[in-house]
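Presented as structure tokens, the chain that follows is alone, the form predicted alone.
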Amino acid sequence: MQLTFKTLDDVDYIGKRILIRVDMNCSVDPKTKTITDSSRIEAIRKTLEELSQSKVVLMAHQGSPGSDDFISLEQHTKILRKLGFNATFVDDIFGDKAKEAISKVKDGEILVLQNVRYFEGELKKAPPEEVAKEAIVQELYPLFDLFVNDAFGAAHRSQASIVGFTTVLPSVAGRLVEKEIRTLTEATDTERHPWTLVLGGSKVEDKVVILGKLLATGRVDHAVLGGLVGTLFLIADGKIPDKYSAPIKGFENAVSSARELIVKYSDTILLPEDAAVEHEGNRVDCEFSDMNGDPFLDIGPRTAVKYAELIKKSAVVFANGPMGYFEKEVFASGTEVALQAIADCKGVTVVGGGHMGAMANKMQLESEITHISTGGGATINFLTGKKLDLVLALEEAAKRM
């Protein structure tokens, strides 16, 4: 396929000072704050190896302000060193400390800047020309010859570090972004059915909007829901009480949309039929009528079996987001059953998102799944036919180049 943007094949990068935006947003243990899965760091390996004769400065985010996984990138740098890269970390993003460290980077070295979301301006979402005015772009861009974007997992976010640099520097896609776009284009360019969406996890407001767009394409035959997304729809459908909305951010905005989707796509949307709750520290599988207000942390066993049978018979499966609170091992079984069914499916199977991808890797299912994408929201947005902000920005950069 012909790409609409430039890649590393189109530029001279040897000996150049290069700023790379990657997505190393890893799963983190909420208590110990240690990284539990480094697959997203390993995914950028090819790009970094190719730039081994350049002066590389690496920029990334981890978590968001207020989240359990909002930590420094120091651990990520140590993992890069374990992978064999000559990487060092600087606890600064664009101040004097960072600029001095950038000026000293030699060919074959990698400097990792601090978590870009420590800078408030990074959280602003606006067109490239506007976010390019943020200090992170204005202070850093004069120091570099080339901008490489390899952050597919954040490709749907029009933020300064993702799209801002494309307006002021020659900009190309890294090898991971190139591979993701090629693979997902091939996987979605099919008329095969049944086409099944497995949707779970949190970030419920975003996912309800995307689910609506995806259902509107007419491509989806079955949408099986779990995680907090499933909880929202169960409340919207009157199957469980409103008190289970407590952990759902943006519940009030999302619940009315969920009700509309249930009415409009009642034949397509499948909801959990039983639950797994936490009672006195233990997992209890039960009917909705017996939940007694205990935390609802996984789909129940009957639901898991029903979902698995449907997934296995599908011609195409796209999965995004876990079925439950998989960080607690006893509540991981719903997600594990779904992933095993995806691996057993003979059709085209794509798993998107850090958590689902991490679990698939942990279960050693990589070779049995067509593609494990590093993107969560980015992958789902791609499926709706929406052109990703990262791609749009790289296309404009290619015209200027």
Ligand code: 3PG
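As the structure is a computational prediction, the values presented were derived from the model and not from experiment. From 1 onward, residues are counted along the sequence shown.
Only in words, not in the display: the form predicted together with this ligand, which the text now covers.
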Checklist entry - Of 131 to 139, 154 to 162, 81 to 89, 97 to 105, which is the one stretch near this ligand in the model of the complex, taking non-hydrogen atoms within 4.5 angstroms as near? => result 154 to 162
Checklist entry - Three residues, 45, 174 and 371; all within 4.5 Å of this ligand in the model of the complex via heavy atoms? => result no
Item to check | Proximity to this ligand in the model of the complex, single hit among 283, 239, 213, 203 (heavy atom within 4.5 Å) | outcome: 203
Next on the checklist: Against this ligand in the model of the complex, would residue 117 count as a contact residue? Criterion: heavy atoms within 4.5 Å.
Outcome noted: yes
Item to check | 4.5 Å heavy atom contact, residue 381 to this ligand in the model of the complex | outcome: no
Checklist entry - Counting only heavy atoms, which residues in 1 to 40 are within 4.5 Å of this ligand in the model of the complex? => result 23, 25, 40
